[in-house]
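In the form predicted on its own, a lone chain appears below as structure tokens.
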Amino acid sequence: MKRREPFTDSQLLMSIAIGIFVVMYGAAMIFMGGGFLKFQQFFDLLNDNAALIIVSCALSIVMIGGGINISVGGVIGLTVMSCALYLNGTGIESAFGSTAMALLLSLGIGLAFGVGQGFLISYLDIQPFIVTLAGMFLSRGLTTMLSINPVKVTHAAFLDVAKTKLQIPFLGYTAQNGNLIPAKLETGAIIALCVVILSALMLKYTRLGRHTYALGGNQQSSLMLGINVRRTRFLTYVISGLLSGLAGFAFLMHKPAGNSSVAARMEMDAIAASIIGGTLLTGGVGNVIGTFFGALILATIQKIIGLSPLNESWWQEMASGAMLALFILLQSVVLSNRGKKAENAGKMKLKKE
């Protein structure tokens, strides 16, 4: 009989995040009922937080590699504003053409920031926090420079595409008048789910994914193993930039309007989602599936508090902060216990020998 391999640290922390989300959402279904008993409430978590899910995956990839990127929220804001202005001024009338050009513009902006910041961090050895802090200020400044006032997308063809939703009738519900209301999933949510799946596959099955874990675990060991550390770190920031641009596009599909405060503090929410999902700030440990559930945990907290009498914004922030602190403590305890068990097992093995 084949011996079952124990969970890795990444798998264990991911399992904890999934378990807590299931318990939290199940408790909301039991004690709050209402919308939580419908599939659409869960789908709305995806619809409303598609950009957060995508950018949290971007943060997780960088953090697993031992880096950090706090410019992602600013890149999203710049992307949304740039695409809104472009769509209002473009002469492309077709839905496909306008949407494709907005997507390319989003990816282009994200790629520019990813390449620029990745080069400074990887090849000039500048601290990631400093570089991405400068990127955050630059992107926010450019957003304000493009337009001080809010810009609402008026491109009819693009708005028609943005309103398109995937309908799933068998997960819908019957209204009081007897009509069947199908569950609806927005385009941005579908993009977010695809990003989660592709990121998970990349980290687990590709050479870049294995090198990213090795880099975050121990840079010196990675060098001794022949891993191109600079290129690996550079690629993590390029991917992070591309996903940030894609998150901006998903945000625009959900809310077709730009302003200087779009995605404010989203980089902090993305870091929190990554940590809650089991990604360590020290690098080498993490999983984007856990990050996905980390983002859903934050979204569920906001939804629960929003439907409760304590619906002020500061209660949401306090609850999110308490959950983040709880997960950091939990991670520390779990990994510490596993380290002690591994150390004791090593000592017992030496005694037997």
Partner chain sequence: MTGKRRKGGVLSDLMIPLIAIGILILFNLIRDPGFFSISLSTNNSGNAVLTGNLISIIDSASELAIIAMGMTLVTAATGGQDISVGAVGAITGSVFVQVLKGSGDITAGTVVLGFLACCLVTVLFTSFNGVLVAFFRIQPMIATLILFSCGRSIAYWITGSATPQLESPIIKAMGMTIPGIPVPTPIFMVILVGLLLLLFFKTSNIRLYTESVGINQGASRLNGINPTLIKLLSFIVLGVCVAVAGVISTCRLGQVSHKTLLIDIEMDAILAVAIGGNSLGGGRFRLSGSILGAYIIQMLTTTLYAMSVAPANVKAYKAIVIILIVVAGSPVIKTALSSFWHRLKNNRAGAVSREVN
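Numbering follows the first chain given and starts at 1. This structure is a prediction, so every number in the text was calculated from the model and none was measured.
The form predicted together with the partner chain is left out here; the points below concern that form.
- Checking 108, 150, 97, 141 against the partner chain in the predicted bound form, a heavy atom within 4.5 Å turns up for just one residue: 141.
- Screening 235, 229, 136, 185 for any heavy atom within 4.5 Å of the partner chain in the predicted bound form leaves a single hit, 136.
- In short, of 319-327, 26-34, 289-297, 39-47 it is 319-327 that has heavy atoms within 4.5 Å of the partner chain in the predicted bound form.
- Contact check for residue 271: a heavy atom falls within 4.5 Å of the partner chain in the predicted bound form.
- Under a 4.5 angstroms non-hydrogen atom cutoff, the partner chain in the predicted bound form lacks residue 197 among its neighbouring residues.
- Using a 4.5 Å cutoff between non-hydrogen atoms, residue 171 does not count as a contact of the partner chain in the predicted bound form.
- The closest non-hydrogen atom of residue 305 lies beyond 4.5 Å of the partner chain in the predicted bound form.
- For the stretch 105-127, the set of residues having any non-hydrogen atom within 4.5 angstroms of the partner chain in the predicted bound form comprises 120, 123, 124, 125, 126, 127, in sequence order.
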